[in-house]
Every structure is written in structure tokens, then in C-alpha cells.
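Quick heads-up: it's one chain on its own, the form predicted on its own, in C-alpha cells.
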């Protein structure tokens, strides 16, 4: 294969992360998102550009390489889209400082719909002083635009990094409003976001958690150990008992691998079983996830379209020689849970029903970046 004639700035960092993603050396959505932000920060710091479009092309190319390395790790693409959104936002703010402002404000329905929550602004005068001298495509000094705007763009990327680093605390801050004393909570598998959420509520509430063991990965064992060590009353049950105990359960709390644009989610295997049993018993289903898991994709294919598959030998060992020859063993790692089975998403930006996910995605990403 011929080498790329126009290598990406920070090429080594991008290729290192590509290799890690392909080999599954990065485990967990948040870790993948953090690694992606750090690599994009290197790409921006080393990039040479004379206008904002050149920088966007560079970031999109780096993002495309990362997404192709592991298409089913959705948080990688989400993080690239979020960085692009923040960079455009900071660029437009910088341009607006030196551009003459119109005294006439035009209000339209489309502008009202597209207007999201204002991002936090970094206090300090150097920002406006730097932006006042910005000039794109300067023939005398092509690098002047990059020098002037890079400090602002680094702040935009740092915002994304700060959000990822504090996501567990921000999701957990409303835990005591959702979990009450003497409740019985069911969860499945081991989600660090759900673990932090339950531990936060455990400081002020006495309640019981039932953890489904999530065969064949048995990640529920790790969750049960972590909650028990935190002093929370915890029971570990096999997956086959979920429907039988559902009548005693007050609430189901699930983690998510990705939240799709239609309000559905991709979650650990067994989540669909638990959510369907909850619907039969009118038990509320709560999903805890950071906003970096919002994915501007619909479930376009069938229920297995966005799923990943694990090693089938953990379901049926190769020592069962005669049987293995006669059956095809499928071991899906994730379930697709439809929006009709979910009551509320708890994110680091508050609580939202499934019907509001499209609005959150509209606020978080730009339409141009849905396809990298």
C-alpha cells in the first residue's frame, strides 16, 4: 500500500491509537473517548493552516482514520464530532468580536430550534485580544491565523476533556433524587457510570441492589463486588431469574454503550431481556450515560446491525466436538433496546426522556459532521 502523500499532523499519535483500537487494547467507551481527545489535541497543536476550513479537513481526516479502525466504538466518532462543534463555535465567536454587529435581530423558528444551551465561557481578556488580529489566508504570513487561534481552540478541546474527566460525578449528582430508601434496584453487567451512580445514592439512602451476572462474560460479578465493598446491600442472581424477581423490583438502572438518535440504545447483553420484563411489570427503566455516548445514528438495519459479537467458545466450548460441528453459535456482546422500553436517560446535563435525544444531538453536534 502506498504511503499517504499528505500525512496528518500528529501522524504517529493517530496511528498508535488506530493500532490500539484495532487490537481492542482500549476497553471502555470513556477511555476510548479520552484517548481520542488527547490525540486530536496533538493534531491541532501540530497542524499548519491558514483558514478554519483547512483545520476542519485535517481533523475530519484524523477522525475518519480512527472511526474506521473500530467502527463499533461509537464514542470515538462522537468525540471527533464534539471537538469539531466546539472549534466551529469558538471560531465564530472569535470572528464575531472583530466583525460589525447588526443592530437588527431576526428571530425565526429554525433559529429557535437550533439554539442550544450556551457553553460555559472562559473568563479572561486575552481571548478577545488574540481574536482581534485574526486574518485568514494572509499572503504575507500564512501561519499568522493558526498562531492567533490555536490558544482558543486548545481551550475548546480542553472543555471536552474536562467534561469526560468529570462525567461520573456529574451523572451521579442527582442519584439521591432517583433512588429512595428501601427500594429494590435491578442492574445488569458492570457499568462504571451506573456503579458511581449507585454508590453516590448509597451515601444517603439504604436500598438493595440485585445484580444479574450477565453470562457468559459474568461482568455482573465485578459490579456486585464493587457495590458490596461500598456497603450497599447486594444480591447476585443468574440472568434466568430476571423475569421471576421483576415483580419485587422498584426500578431498573442500565448503562449504555451508545445512545442512538431515535432514543434507543446499545447496551450489554441481557439489557433487552431486563427492559422487556420491566415493561411487562410496568417497572421504570432508567439509563445512566454521559452525553459523549450520544450517537447521531439511527438503527438503520435490523436489531443486530450495530452490535458486536464475542468469542463463541465461552457459550459452547470446542471440547463439545460433535455438537460444535452441527450448530452455529452466536454470542452477541450488546443488545439493542428500543426507545419504547426506556423511561428516562440520566446524563451529565440532566434528565431527558427518549423523545428528547434528537434535540440533545442537535445541540451537541453539527449536521455536517454526522458522516465523517
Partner chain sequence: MPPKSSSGNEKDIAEEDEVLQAVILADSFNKRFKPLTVGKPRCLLPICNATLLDWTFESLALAGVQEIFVICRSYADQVKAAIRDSKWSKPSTGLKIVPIVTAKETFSPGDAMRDIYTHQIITSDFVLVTGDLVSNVRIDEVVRVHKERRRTNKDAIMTMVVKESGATHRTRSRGESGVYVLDPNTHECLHYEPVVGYPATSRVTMPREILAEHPEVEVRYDFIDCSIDVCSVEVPSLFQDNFDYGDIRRDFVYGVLTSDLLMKSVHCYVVKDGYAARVADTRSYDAVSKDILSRWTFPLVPDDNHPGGHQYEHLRGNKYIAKDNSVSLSRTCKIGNNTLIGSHTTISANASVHASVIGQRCTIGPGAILRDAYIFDDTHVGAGAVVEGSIVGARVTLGDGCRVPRGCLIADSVAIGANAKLRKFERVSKKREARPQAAGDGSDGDDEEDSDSELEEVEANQEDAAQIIGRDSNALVWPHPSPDDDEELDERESFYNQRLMRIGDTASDLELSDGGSTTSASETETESDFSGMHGLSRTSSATSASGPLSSAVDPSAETSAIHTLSSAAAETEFRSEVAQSLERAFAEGHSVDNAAVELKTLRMASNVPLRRVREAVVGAIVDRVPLVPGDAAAQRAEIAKIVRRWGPLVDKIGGVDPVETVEVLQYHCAAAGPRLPLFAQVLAQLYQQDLVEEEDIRAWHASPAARGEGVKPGSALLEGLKKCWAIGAKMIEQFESEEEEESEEESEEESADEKPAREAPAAKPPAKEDESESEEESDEESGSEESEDAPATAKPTAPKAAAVSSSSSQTSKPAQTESEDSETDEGSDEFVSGEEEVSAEAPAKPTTPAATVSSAPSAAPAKAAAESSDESEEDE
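All values derive from a computational prediction rather than experimental measurement. Positions refer to the first chain, counted from 1. C-alpha atoms forming the largest set that superposes within 1.5 Å between two forms make up the rigid core.
Absent from the display: the form predicted in complex with the partner chain. The rest refers to it.
In the predicted complex, at least one heavy atom of residue 15 sits within 4.5 Å of the partner chain. In the predicted complex, the partner chain lies farther than 4.5 Å from every heavy atom of residue 50.
In the predicted complex, the partner chain sits beyond 4.5 Å of every heavy atom of residue 340. For residue 72, a non-hydrogen atom is located within 4.5 Å of the partner chain in the predicted complex, even though that partner is not displayed.
With respect to the partner chain in the predicted complex, the three residues 141, 152 and 352 uniformly fall beyond 4.5 angstroms at the level of their nearest heavy atom. The partner is not shown here, and in the predicted complex the stretch 173-194 never reaches within 4.5 angstroms of the partner chain through any heavy atom.
A movement of the C-alpha atom of residue 57 falling short of 2 angstroms is seen between the shown form and the other one when the two forms are aligned on their rigid core. Once the rigid core is overlaid between the shown form and the other one, residue 332 does not reach a Cα shift of 2 Å, moving by less than that. Superposition of the core reveals a Cα shift of 2 Å or more for residue 323 between the shown form and the other one.
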